[in-house]
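In structure tokens, one chain follows: the form predicted alone.
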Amino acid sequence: MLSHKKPPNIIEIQDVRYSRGKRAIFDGLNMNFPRGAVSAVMGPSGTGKTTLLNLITGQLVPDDGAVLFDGKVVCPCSRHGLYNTRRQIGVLFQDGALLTDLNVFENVAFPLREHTRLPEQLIRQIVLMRLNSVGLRAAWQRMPSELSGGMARRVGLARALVMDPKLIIYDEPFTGLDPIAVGVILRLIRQTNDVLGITSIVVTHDVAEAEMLADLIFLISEGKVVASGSPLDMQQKASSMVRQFMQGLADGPVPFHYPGTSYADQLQTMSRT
């Protein structure tokens, strides 16, 4: 009998290299995201966190190495294969990314109308169920301009869930929210992951929230994973890089100044131009 056992990791990043021009973003990046877990991806600004998400969703193709989703290479592949992969991934964008000319109901219904031929009655039931799960069923007629930041994120989450994805990606879900809204989003991410049995990847700068939420934390810098582990493991790491980031220290391996020539050399160079 053939075995249909699923691989333990829903996403595998295998020795990925990716550059923009002469600048290497990733240089031998290796990461495994366990199925069913909430994993947080953290790191200093400019280390490629958004680039990583684009590689996972097939918007970018690695220069070398491979990105696997559910055991299959994301890119290169056929357009049909790429679309099939993307239908299994929900994304909650930083600002919700709601379509401003559609109301809440139609925003959540949009993926179903685009990718399925479900009857209207079933679409209505699915959308209201997803809105109810994020506490906004009664707001179904509101326009995006009538929503607070936290409400917009919750509508975005309902839309990300509407196709029953295997994986949800959260891109900076706590940015700009008040403490109450942050608490609501934290609870929704955790409950959604556990109740639906899906997998979550959260890209965030918020150390406290990541420690409360994540089963596994990855810290990336200089094109590689410099540390990974449970929140407790990360707090106990001896690395000065990990300590600087997790404790929010101004001084450490991550410099304040962007790398370049000395101040005096730059003045001389500019004076000659």
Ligand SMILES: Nc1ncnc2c1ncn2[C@@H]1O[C@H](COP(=O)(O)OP(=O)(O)O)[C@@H](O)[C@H]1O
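Numbers follow the displayed sequence, beginning with 1. Computed from a predicted model, the values in this text were never measured in an experiment.
Missing here is the form predicted in complex with this ligand; even so, the following discussion is about that form.
In the predicted complex, this ligand lies farther than 4.5 Å from every heavy atom of Gly58.
Heavy atoms of Arg20 reach within 4.5 Å of this ligand in the predicted complex, making it an interface residue. This ligand in the predicted complex is not approached by Pro231, whose heavy atoms all lie more than 4.5 angstroms from it.
This ligand in the predicted complex is not approached by Gly65, whose heavy atoms all lie more than 4.5 angstroms from it. The partner is not drawn, yet in the predicted complex one stretch among 223 to 231, 40 to 48, 65 to 73, 209 to 217 has residues with heavy atoms inside 4.5 Å of this ligand: 40 to 48.
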